[in-house]
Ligand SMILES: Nc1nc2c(ncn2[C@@H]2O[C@H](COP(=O)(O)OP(=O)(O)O)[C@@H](O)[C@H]2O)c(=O)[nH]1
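One chain is shown next in structure tokens, namely the form predicted on its own.
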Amino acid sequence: MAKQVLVAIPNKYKGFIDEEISLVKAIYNSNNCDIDFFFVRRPNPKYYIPYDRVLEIKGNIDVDTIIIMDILKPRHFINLYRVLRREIIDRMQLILKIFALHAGSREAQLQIELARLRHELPLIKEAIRYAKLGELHGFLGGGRYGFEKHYTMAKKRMARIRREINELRNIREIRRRNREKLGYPHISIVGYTCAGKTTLFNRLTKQYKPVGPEPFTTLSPKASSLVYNGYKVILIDTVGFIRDIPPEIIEAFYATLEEVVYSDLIINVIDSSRRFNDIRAEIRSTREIFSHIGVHGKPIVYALNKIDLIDSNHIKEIMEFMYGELGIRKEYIVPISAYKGININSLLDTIYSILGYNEE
């Protein structure tokens, strides 16, 4: 019998159900398991999902995993486990599982492990409290003393990871300074996951870095030179964003995201085949992330990607929406297709003009 995964989606994500389900399918492929979902209008203080739904799940022996597309409090995890005795995963853990699939570099692996440990520590502390009361058997595979040992080891491991990440960060800083000494401007490509950032990077640099429909194919920044009209710049591909990115992930991946902070110009790649509401949410979310990591006053060019999937009238409507409602300068919006190579020179002309390279 196929594995059954039940997904609880809070009402705040009701308009973005396709994106939420795509995150689930990145791990639990629909060919290998049955995925069903329901909406949570108001989180239950004790279980997050309504108690009658908890009892319904308990009676359904086919459900192996419950995924809740929100960040759970430790009491939610423990109370659900005590009743259901099934695997409980929240949005943070799911994202980290997806990251782990694509973590090719040592730095990415360490960042993922650090974020996971930070997320688990409050849960372990709560588990210790329940274990002392004798009310939690089998959770995380430990009793009272097992939890306490686990907690101590996690704290020590986090300290070691931070030291190693700092060492890697120093190496990255040296490399960046060496590039800056050459006097070449740095351009970062940012945007939501699956928007086509790496496809654009490959198109501009003539490289063949891995791309795919799965979220977070890129976790470590890639840098390469680009020469256009005799002028050289350094192009950097970065990790993709998602809506409501957990703060622990932003902090853990700061060593990667700081490439954006030090760049001279930013290309924000947007999937033009998405709805207006999605585009609005993505731009606002990206601005919030910029504010969080300290990006201020950088020129941003909006590459309206995947225009080969929509008609010209829709492209015009999106552009009017972006500079009309969102206040983005019209000349900073360039419709492109990174996959088909459409309007790539127009994008480069815009970028080089902003950098001052097209001045007479």
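This structure is a prediction, so every number in the text was calculated from the model and none was measured. Quick note: we count residues from 1 along the sequence shown, nothing fancier.
One more form of this protein, predicted together with the ligand, exists but is not displayed; see below.
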For the chain shown here without its partner, which stretch in 327-335, 300-308, 50-58, 314-322 has non-hydrogen atoms within 4.5 angstroms of the ligand in the predicted complex? 300-308
With the partner left out here, check for me: in the predicted complex, does some heavy atom of residue 195 sit within 4.5 Å of the ligand? yes
Even though the partner isn't displayed, in the predicted complex is residue 339 close enough to the ligand, meaning a heavy atom within 4.5 Å? yes
Heavy atom of residue 199 within 4.5 Å of the ligand in the predicted complex: yes
Given a change of 3 Å or more, say if the Cα atoms of residue 38 and residue 195 sit closer or farther in the predicted complex than in this form. closer
Report the direction of the Cα distance change between residue 194 and residue 110 in the predicted complex, compared with the displayed form, as closer or farther; the change is 3 Å or more. farther
